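Before any questions on how it binds or moves, here is one chain, the form predicted alone, in C-alpha coordinates.
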Amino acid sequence: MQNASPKPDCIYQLEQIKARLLLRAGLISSIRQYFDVNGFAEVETPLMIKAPAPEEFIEAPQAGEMFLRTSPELQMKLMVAAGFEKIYQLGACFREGEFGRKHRPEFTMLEWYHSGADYNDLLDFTAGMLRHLAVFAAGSSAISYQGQVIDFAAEPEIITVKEAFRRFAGVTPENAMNTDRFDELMVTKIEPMLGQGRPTFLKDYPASRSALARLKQADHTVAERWELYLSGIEIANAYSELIDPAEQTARFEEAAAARAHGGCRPYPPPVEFLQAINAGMPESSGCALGIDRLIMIFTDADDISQVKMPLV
(Lines give C-alpha, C1' and ligand atoms only; values in the text may rest on other atoms or scores of the structure.)
Protein backbone atom coordinates (compact mmCIF):
# COMPACT_ATOMS: atom_id res chain seq x y z
CA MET A 1 0.00 0.00 0.00
CA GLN A 2 1.39 3.36 -0.98
CA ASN A 3 2.10 5.77 1.87
CA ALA A 4 -0.08 8.86 1.99
CA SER A 5 1.56 12.14 1.10
CA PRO A 6 2.37 14.42 4.04
CA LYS A 7 -0.23 17.04 4.83
CA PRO A 8 0.42 20.41 3.19
CA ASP A 9 1.08 23.30 5.55
CA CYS A 10 -2.25 24.97 4.74
CA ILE A 11 -4.19 21.88 5.91
CA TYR A 12 -2.15 21.66 9.10
CA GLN A 13 -2.73 25.36 9.81
CA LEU A 14 -6.47 25.00 9.27
CA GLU A 15 -6.61 22.02 11.64
CA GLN A 16 -4.91 24.12 14.32
CA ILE A 17 -7.48 26.92 14.11
CA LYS A 18 -10.58 24.85 13.30
CA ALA A 19 -12.24 25.45 16.69
CA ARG A 20 -11.74 29.21 16.42
CA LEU A 21 -13.09 29.32 12.87
CA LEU A 22 -16.21 27.43 13.93
CA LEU A 23 -16.75 29.83 16.85
CA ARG A 24 -16.17 32.68 14.40
CA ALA A 25 -19.01 31.35 12.25
CA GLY A 26 -21.30 31.19 15.28
CA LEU A 27 -20.39 34.72 16.41
CA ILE A 28 -21.08 36.14 12.95
CA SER A 29 -24.45 34.40 12.94
CA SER A 30 -25.13 35.89 16.39
CA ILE A 31 -24.20 39.37 15.11
CA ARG A 32 -26.71 39.00 12.28
CA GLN A 33 -29.36 37.90 14.78
CA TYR A 34 -28.72 41.00 16.93
CA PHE A 35 -29.10 43.36 13.97
CA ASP A 36 -32.10 41.53 12.59
CA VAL A 37 -34.07 41.67 15.85
CA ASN A 38 -33.23 45.39 16.09
CA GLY A 39 -34.84 46.11 12.74
CA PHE A 40 -31.74 46.47 10.54
CA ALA A 41 -31.65 45.25 6.95
CA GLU A 42 -28.53 43.48 5.72
CA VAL A 43 -27.19 45.03 2.51
CA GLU A 44 -24.35 44.41 0.07
CA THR A 45 -22.31 47.05 -1.75
CA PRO A 46 -19.55 46.59 -4.38
CA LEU A 47 -16.02 45.52 -3.49
CA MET A 48 -14.69 47.49 -6.46
CA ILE A 49 -15.38 51.22 -6.30
CA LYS A 50 -14.64 54.29 -8.41
CA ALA A 51 -13.21 56.48 -5.65
CA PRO A 52 -12.28 55.80 -2.02
CA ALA A 53 -12.59 58.46 0.66
CA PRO A 54 -9.29 60.44 0.70
CA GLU A 55 -8.03 59.27 4.09
CA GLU A 56 -4.48 60.35 4.85
CA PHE A 57 -3.05 57.13 6.28
CA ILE A 58 -5.06 54.48 4.39
CA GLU A 59 -4.19 53.18 0.93
CA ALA A 60 -6.77 51.46 -1.28
CA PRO A 61 -5.37 48.77 -3.61
CA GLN A 62 -5.76 49.59 -7.29
CA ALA A 63 -7.97 47.22 -9.33
CA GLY A 64 -7.53 48.22 -12.96
CA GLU A 65 -9.12 51.65 -13.31
CA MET A 66 -10.99 51.16 -10.03
CA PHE A 67 -10.08 50.45 -6.40
CA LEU A 68 -10.79 47.74 -3.86
CA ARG A 69 -12.76 49.31 -1.06
CA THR A 70 -11.08 50.13 2.24
CA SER A 71 -14.58 50.24 3.74
CA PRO A 72 -18.14 50.30 2.37
CA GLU A 73 -18.74 53.71 3.96
CA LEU A 74 -19.43 55.98 1.00
CA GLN A 75 -21.61 53.43 -0.79
CA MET A 76 -23.68 52.73 2.33
CA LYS A 77 -24.16 56.46 2.84
CA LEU A 78 -25.63 56.65 -0.66
CA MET A 79 -28.20 54.13 0.56
CA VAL A 80 -28.92 56.32 3.61
CA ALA A 81 -29.43 59.29 1.27
CA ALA A 82 -31.85 57.12 -0.74
CA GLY A 83 -34.01 56.52 2.34
CA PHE A 84 -32.57 53.32 3.87
CA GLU A 85 -32.96 54.01 7.60
CA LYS A 86 -31.25 51.08 9.38
CA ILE A 87 -28.72 49.02 7.41
CA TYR A 88 -25.71 46.82 8.13
CA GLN A 89 -23.12 44.93 6.10
CA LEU A 90 -20.53 42.22 6.73
CA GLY A 91 -17.83 41.89 4.10
CA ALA A 92 -14.24 41.99 2.94
CA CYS A 93 -12.23 45.22 2.84
CA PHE A 94 -8.68 45.88 1.64
CA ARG A 95 -5.81 48.14 2.67
CA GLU A 96 -2.30 48.17 1.27
CA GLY A 97 0.72 47.67 3.51
CA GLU A 98 -1.18 46.52 6.61
CA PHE A 99 0.29 43.30 7.96
CA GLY A 100 0.97 42.32 11.56
CA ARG A 101 -0.51 40.81 14.70
CA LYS A 102 -3.67 42.91 14.37
CA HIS A 103 -3.62 43.73 10.65
CA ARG A 104 -4.11 42.03 7.31
CA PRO A 105 -4.32 43.60 3.82
CA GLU A 106 -7.68 41.79 3.48
CA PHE A 107 -9.97 41.84 6.50
CA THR A 108 -13.64 41.58 7.43
CA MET A 109 -15.62 44.67 8.34
CA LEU A 110 -18.99 45.06 10.02
CA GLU A 111 -20.46 48.45 9.21
CA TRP A 112 -23.88 49.88 10.02
CA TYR A 113 -25.85 53.13 9.68
CA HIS A 114 -28.89 54.43 11.52
CA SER A 115 -30.85 57.47 10.34
CA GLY A 116 -31.98 59.75 13.13
CA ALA A 117 -29.42 58.40 15.60
CA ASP A 118 -26.26 60.08 16.90
CA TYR A 119 -22.97 58.67 18.16
CA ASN A 120 -24.29 58.25 21.71
CA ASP A 121 -27.14 56.08 20.42
CA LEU A 122 -24.59 53.91 18.61
CA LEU A 123 -22.54 53.60 21.78
CA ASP A 124 -25.47 52.11 23.68
CA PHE A 125 -26.35 49.82 20.76
CA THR A 126 -22.76 48.56 20.50
CA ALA A 127 -22.48 47.89 24.24
CA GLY A 128 -25.64 45.81 23.97
CA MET A 129 -24.24 43.84 21.04
CA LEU A 130 -21.07 43.02 23.00
CA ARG A 131 -23.13 41.65 25.89
CA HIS A 132 -25.16 39.60 23.43
CA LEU A 133 -22.00 38.10 21.90
CA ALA A 134 -20.40 37.38 25.26
CA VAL A 135 -23.40 35.31 26.33
CA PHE A 136 -23.23 33.38 23.06
CA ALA A 137 -19.46 32.77 23.25
CA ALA A 138 -19.04 32.13 26.98
CA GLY A 139 -22.52 31.55 28.38
CA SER A 140 -22.11 34.63 30.60
CA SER A 141 -21.36 38.33 30.33
CA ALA A 142 -17.68 37.83 31.16
CA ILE A 143 -14.94 36.33 29.00
CA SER A 144 -11.21 35.73 29.48
CA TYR A 145 -8.76 37.27 27.03
CA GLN A 146 -5.03 36.60 27.40
CA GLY A 147 -5.44 35.97 31.13
CA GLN A 148 -7.61 39.05 31.79
CA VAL A 149 -11.36 39.00 32.45
CA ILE A 150 -13.48 41.41 30.42
CA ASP A 151 -16.95 41.89 31.89
CA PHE A 152 -19.43 43.13 29.31
CA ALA A 153 -22.16 43.52 31.94
CA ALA A 154 -20.05 46.18 33.70
CA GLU A 155 -20.79 49.83 32.96
CA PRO A 156 -18.54 50.73 30.00
CA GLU A 157 -15.80 53.26 30.60
CA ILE A 158 -16.52 56.43 28.62
CA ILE A 159 -13.59 58.84 28.47
CA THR A 160 -12.87 61.83 26.23
CA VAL A 161 -9.68 62.06 24.19
CA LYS A 162 -8.78 65.21 26.14
CA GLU A 163 -9.08 63.41 29.49
CA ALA A 164 -7.20 60.34 28.21
CA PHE A 165 -4.24 62.46 27.09
CA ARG A 166 -4.20 64.31 30.42
CA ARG A 167 -4.44 61.12 32.47
CA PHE A 168 -2.14 58.79 30.55
CA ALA A 169 0.22 61.03 28.52
CA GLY A 170 0.44 64.18 30.65
CA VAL A 171 -0.21 66.52 27.69
CA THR A 172 -3.16 67.97 25.85
CA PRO A 173 -4.23 66.59 22.45
CA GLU A 174 -3.44 70.03 20.98
CA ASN A 175 0.12 69.87 22.29
CA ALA A 176 0.50 66.34 20.96
CA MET A 177 -0.66 67.41 17.48
CA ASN A 178 1.51 70.53 17.49
CA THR A 179 4.58 68.42 18.23
CA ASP A 180 3.52 65.68 15.78
CA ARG A 181 3.23 63.12 18.60
CA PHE A 182 -0.52 62.45 18.65
CA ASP A 183 -0.35 59.01 17.01
CA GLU A 184 2.80 58.01 18.89
CA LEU A 185 1.26 58.84 22.28
CA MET A 186 -1.99 57.13 21.35
CA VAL A 187 -0.16 53.89 20.57
CA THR A 188 2.40 53.91 23.39
CA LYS A 189 0.66 55.64 26.30
CA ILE A 190 -3.11 55.66 25.84
CA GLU A 191 -4.35 52.61 23.93
CA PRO A 192 -2.68 50.06 26.27
CA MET A 193 -4.69 51.54 29.18
CA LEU A 194 -8.09 51.27 27.50
CA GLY A 195 -10.59 48.42 27.67
CA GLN A 196 -9.04 46.85 30.74
CA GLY A 197 -11.65 44.66 32.44
CA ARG A 198 -14.56 46.30 30.61
CA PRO A 199 -15.19 48.03 27.26
CA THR A 200 -13.83 51.55 26.87
CA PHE A 201 -15.35 54.12 24.52
CA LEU A 202 -12.84 56.89 23.74
CA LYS A 203 -14.91 59.83 22.52
CA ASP A 204 -14.81 63.41 21.23
CA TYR A 205 -11.78 63.30 18.93
CA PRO A 206 -10.10 66.50 17.71
CA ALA A 207 -11.92 67.92 14.69
CA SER A 208 -8.80 67.53 12.54
CA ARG A 209 -8.86 63.78 13.23
CA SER A 210 -12.47 63.29 12.15
CA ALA A 211 -12.81 64.01 8.43
CA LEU A 212 -16.31 62.58 8.05
CA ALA A 213 -17.75 63.32 11.50
CA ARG A 214 -20.06 66.08 12.67
CA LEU A 215 -18.58 68.65 15.05
CA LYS A 216 -20.06 69.03 18.52
CA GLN A 217 -22.38 72.01 18.72
CA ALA A 218 -21.06 73.01 22.14
CA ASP A 219 -17.40 72.73 21.13
CA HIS A 220 -16.34 72.88 17.48
CA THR A 221 -12.78 71.87 18.32
CA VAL A 222 -13.94 68.26 18.73
CA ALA A 223 -16.13 65.90 16.72
CA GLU A 224 -18.90 63.50 17.70
CA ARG A 225 -16.72 60.43 17.26
CA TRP A 226 -15.76 57.48 19.45
CA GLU A 227 -13.57 54.42 19.20
CA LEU A 228 -14.15 51.17 21.09
CA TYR A 229 -11.26 49.44 22.87
CA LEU A 230 -11.07 45.98 24.41
CA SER A 231 -7.91 44.96 26.26
CA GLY A 232 -5.92 47.74 24.60
CA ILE A 233 -7.07 46.81 21.07
CA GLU A 234 -9.05 49.20 18.90
CA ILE A 235 -12.19 47.39 17.74
CA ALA A 236 -14.57 49.97 16.25
CA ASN A 237 -14.86 53.57 15.06
CA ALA A 238 -18.17 55.49 15.05
CA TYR A 239 -19.45 59.00 14.58
CA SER A 240 -22.41 61.24 13.94
CA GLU A 241 -22.26 61.85 10.20
CA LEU A 242 -21.22 65.14 8.69
CA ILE A 243 -23.98 66.18 6.27
CA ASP A 244 -22.95 69.77 5.50
CA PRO A 245 -21.93 69.73 1.80
CA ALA A 246 -19.58 72.74 1.90
CA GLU A 247 -17.80 71.48 5.02
CA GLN A 248 -17.49 67.95 3.62
CA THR A 249 -16.03 69.22 0.34
CA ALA A 250 -13.51 71.36 2.22
CA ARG A 251 -12.45 68.44 4.42
CA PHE A 252 -11.99 66.15 1.42
CA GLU A 253 -9.84 68.81 -0.25
CA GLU A 254 -7.70 69.08 2.89
CA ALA A 255 -7.33 65.31 3.10
CA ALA A 256 -6.40 65.08 -0.58
CA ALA A 257 -3.74 67.77 -0.07
CA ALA A 258 -2.36 65.88 2.94
CA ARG A 259 -2.20 62.66 0.89
CA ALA A 260 -0.35 64.46 -1.90
CA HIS A 261 2.09 65.98 0.61
CA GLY A 262 2.77 62.50 1.99
CA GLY A 263 3.40 61.03 -1.45
CA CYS A 264 0.23 58.92 -1.50
CA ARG A 265 -1.54 57.83 -4.67
CA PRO A 266 -4.11 60.41 -5.84
CA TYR A 267 -7.78 59.37 -5.91
CA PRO A 268 -10.56 60.63 -8.17
CA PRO A 269 -13.15 62.70 -6.31
CA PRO A 270 -16.09 60.66 -4.91
CA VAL A 271 -18.55 62.40 -7.21
CA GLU A 272 -21.69 60.40 -6.41
CA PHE A 273 -21.20 60.78 -2.65
CA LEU A 274 -20.70 64.55 -2.92
CA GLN A 275 -23.78 64.80 -5.13
CA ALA A 276 -25.79 62.92 -2.49
CA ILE A 277 -24.57 65.26 0.25
CA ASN A 278 -25.52 68.28 -1.87
CA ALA A 279 -28.97 66.82 -2.56
CA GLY A 280 -29.51 66.46 1.19
CA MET A 281 -28.78 63.62 3.58
CA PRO A 282 -30.72 62.89 6.77
CA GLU A 283 -29.01 63.19 10.13
CA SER A 284 -27.52 59.80 10.88
CA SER A 285 -24.66 57.96 12.49
CA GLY A 286 -22.50 55.04 11.47
CA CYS A 287 -20.00 52.59 12.89
CA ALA A 288 -17.25 50.40 11.40
CA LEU A 289 -16.13 47.39 13.45
CA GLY A 290 -13.22 45.07 12.72
CA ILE A 291 -14.68 41.57 12.84
CA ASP A 292 -11.30 39.80 12.90
CA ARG A 293 -10.13 41.74 15.96
CA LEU A 294 -13.44 41.16 17.71
CA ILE A 295 -13.15 37.42 17.01
CA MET A 296 -9.61 37.52 18.45
CA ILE A 297 -11.08 38.81 21.72
CA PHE A 298 -13.88 36.25 21.89
CA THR A 299 -11.65 33.29 20.97
CA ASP A 300 -8.65 34.34 23.14
CA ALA A 301 -6.35 34.63 20.10
CA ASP A 302 -3.24 36.80 20.23
CA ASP A 303 -2.76 37.04 16.45
CA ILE A 304 -5.23 37.70 13.64
CA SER A 305 -3.81 34.70 11.76
CA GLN A 306 -5.48 32.46 14.37
CA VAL A 307 -8.98 33.60 13.37
CA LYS A 308 -8.70 33.80 9.57
CA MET A 309 -8.02 31.25 6.87
CA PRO A 310 -4.33 31.35 5.84
CA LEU A 311 -3.40 33.13 2.64
CA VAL A 312 -3.07 30.35 0.06
Partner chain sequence: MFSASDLKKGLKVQVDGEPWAITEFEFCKPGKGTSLYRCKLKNMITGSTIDRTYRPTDKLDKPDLEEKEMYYSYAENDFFVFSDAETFEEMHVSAKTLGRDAYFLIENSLCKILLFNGLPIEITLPTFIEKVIADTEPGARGDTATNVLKTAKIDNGYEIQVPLFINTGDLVKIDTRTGLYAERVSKA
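Positions refer to the first chain, counted from 1. Predicted model, so just to flag it, every value in this text is computed and none were measured.
The protein also exists as the form predicted in complex with the partner chain; that form is not presented, and the subsequent description refers to it.
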**Study point:** Stretch in contact, per heavy atom within 4.5 angstroms of the partner chain in the predicted complex, of 160-168, 181-189, 74-82, 131-139
**Key:** 181-189
Check your understanding: Quick one: in the predicted complex, does every one of 57, 98 and 227 get a heavy atom within 4.5 Å of the partner chain?
Key -> yes
Review point. In the predicted complex, does residue 118 have a heavy atom within 4.5 Å of the partner chain?
Key: no
Check your understanding: Does the partner chain get within 4.5 angstroms of any non-hydrogen atom of residue 102 in the predicted complex?
Key -> yes
Review point. Taking heavy atoms and a 4.5 Å cut-off, does residue 239 contact the partner chain in the predicted complex?
Key: yes
Exercise for review: Although the partner chain is absent from this view, report whether residue 234 comes within 4.5 Å of it in the predicted complex, heavy atoms only.
Suggested key: yes
**Study point:** Heavy atom within 4.5 Å of the partner chain in the predicted complex - the one residue of 198, 86, 216, 209 that qualifies
**Key:** 209
